[in-house]
Each structure stands twice: as structure tokens, then as C-alpha cells.
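Single chain ahead, by itself, as C-alpha cells, in the form predicted on its own.
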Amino acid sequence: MRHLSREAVRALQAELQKHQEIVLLIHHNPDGDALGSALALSMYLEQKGHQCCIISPNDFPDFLQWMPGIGKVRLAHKETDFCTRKIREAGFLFCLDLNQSKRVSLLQTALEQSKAYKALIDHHIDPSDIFDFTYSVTEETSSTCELVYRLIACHFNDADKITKEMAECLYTGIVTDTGSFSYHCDNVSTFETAGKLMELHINGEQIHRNIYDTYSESRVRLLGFCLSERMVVLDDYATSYIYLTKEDLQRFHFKQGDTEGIVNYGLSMKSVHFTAFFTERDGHIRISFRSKADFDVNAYARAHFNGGGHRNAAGGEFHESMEKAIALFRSTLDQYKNQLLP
């Protein structure tokens, strides 16, 4: 855990005071944690007199459209020149829920070349050294939203500045990054933070419904198709995988966010310890990895699929065909057989 010293916090606050406008940048394909942390932090900074611009490389799922302040998020794939210019000209830049500049996709060069003071708040391992301030906690936290809460409430001593709308955003990030408190949540601090947010009279049941009970019919049918037609179980390796081609996605009228969470079904079987989910996009294959216990999918993704993430949840990519991606995946399993089988 990266513990923030008083000196580091004071230095961050002093730097913030030099800048009226703050740019907040989140990762490509933003999830509830990325959006929740950026929205909540921007609301706090605006209370402090700052003007904030939140930039996402691309669009976000429909099931997050309800979040307070979501209309403030600027999408770089639609406003590329504007977003690139804001990053290049920024004096202070917060990067949230990303550990490497490549995770901002088309904005990577702008981020790396920006002369701004760069502050990182994140919970993924191996953060880049391009940041001037780093608040990075990996194994001992649930989410970036939890870290934003700690920064405001504990390090800035401004718990009274956390509004109900901010709490809804932060709670969303914790819920989505823990799968409704089913993983990455074996820390007292996570439940203490959730309890503090509930004290602000947020409706946890409604937030859960907003996230998980707003699927379209085509999305539910896509899930059924994945499980009945596109799931493969490899008993000899305690492994499974699911794959979707571009044609599959088109057949079920795919929209951003429709495949969210599907990877977890591959791990829900008692006999499976490792799973992968392959989706074909324009020019590449996106892959999500999940594991149980001590099998490190972060190391696996880094070794074979130019990716990374957490010990039990990671992602990667492959720039050839689906057939070759799956073939590579299957060819690697022999070397991990002793780790995967009990």
C-alpha cells in the first residue's frame, strides 16, 4: 500500500492552488470506477473553486448514463481536437483508474507530451513513472473510488464536503469493481467506506438496479448465446473460455457495455480456476481474464497478450485473427497446468 505522507499531501494541495482549471482523464472503455472517481473528484474540486473538464477516450455503457454529472464528460472519439488540446494545454491533470499512458488510447501521445503537473490516483499494479504525484494502492483496496474517498475525507480532512451526489458516484465505483461485493473486497476499509457513503442517504438498492437491472432484450439473449454456443470448458486445465466474433456482436445489436460481466460466468463453475473472454473488434481481439485463488492473470496477460491488471482480473489484446488468439491461449496452458489443477 502506498501511504501518503503529510508532505506529499501538502505538496499536492499547494500545486492545486496554483491552477483554477483542472483536467481529469480516465481510461479507454470507462467503467463505473473510472467514471465514479472522476465525477466525484470533479464535484469536490468545483466546491473548492476549480473549473473541471472530464475527458474519456470513448463512450461508456448505457447502464451508467444515470450517474450524477455524467453530462459533463467529454468524449475524445467524438471531440478529438478539443480533448487533445485540453490535455496538451492543461496546467494540472488528474489521471484516474489507469496505471499506464497506453490505457488512454488515442490520447496517449497528448498525455505523454503534456507539460501539466500530473497526479495519479489508481489501484492497478506497476504505475508508470510519468506522474508527479502518485496515490497507488493495489492489493489493499477495492477501487479508485475508494481511494478518492480516502483522499478527500482522510488526507484533505474534507469529509463534510462529500455530497450525496458524490457518494452515489463513489459507491457506484466500489460496487462495479467488486461485482457487488463479491471480489476485491476482503478489506475492512472497503466496507467502512461503503458505510460512510450510505450515511449520506444514498439508495444502494436503486443504484444496484440502475447498474444491473437495465439490460436490453438483445443483451440478455447475447448472454444466453455466449453460454450455450460460445463457451468452451477445458477440464484438463481447469480452464474455460468464451468468444464472440464481430458477426456475433452484430447479430445481437451490440452496444457499448453489453459484454460487461460475461467473463465472470466462465469462472462460476466449481471446477474452473481460470477463464478468458475473447471479443473481436475492428482490427484486434480484446481479451478479459479472470482467475480464482493464487493464479496470477496479471502476470499471464503481460507474458502472452500485451496486457495486465490485477492478480485475479486482467485484460489483454491480440492483433491477429480470433482463431489465432484462441490457438495461442490454448497453447500456453501446458506451462501453467500445475498451477491451475488442485
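Because the structure is a prediction, the values reported are computed rather than measured. Residues carry their position along the shown sequence, with the first being 1.
Unshown form predicted in complex with guanosine-5'-monophosphate; subsequent notes refer to it.
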Does guanosine-5'-monophosphate come within 4.5 Å of any heavy atom of residue 288 in the model of the complex? yes
Is residue 314 close to guanosine-5'-monophosphate in the model of the complex, meaning a heavy atom pair under 4.5 Å apart or at it? yes
Would residue 68 count as a contact of guanosine-5'-monophosphate in the model of the complex, using a 4.5 angstroms cut-off between non-hydrogen atoms? no
Applying a 4.5 Å heavy atom distance criterion, does residue 273 contact guanosine-5'-monophosphate in the model of the complex? no
Heavy atoms within 4.5 Å of guanosine-5'-monophosphate in the model of the complex: which of the stretches 111-119, 92-100, 247-255, 194-202 has them? 92-100
Considering guanosine-5'-monophosphate in the model of the complex, which of 306, 47, 58, 51 comes within 4.5 Å of it through any heavy atom? 306
Of 124, 86, 219, 150, which residue is found within 4.5 angstroms of guanosine-5'-monophosphate in the model of the complex when only non-hydrogen atoms are counted? 124
Partner contacts for 189-217, taking guanosine-5'-monophosphate in the model of the complex and a 4.5 Å heavy atom cut-off: none
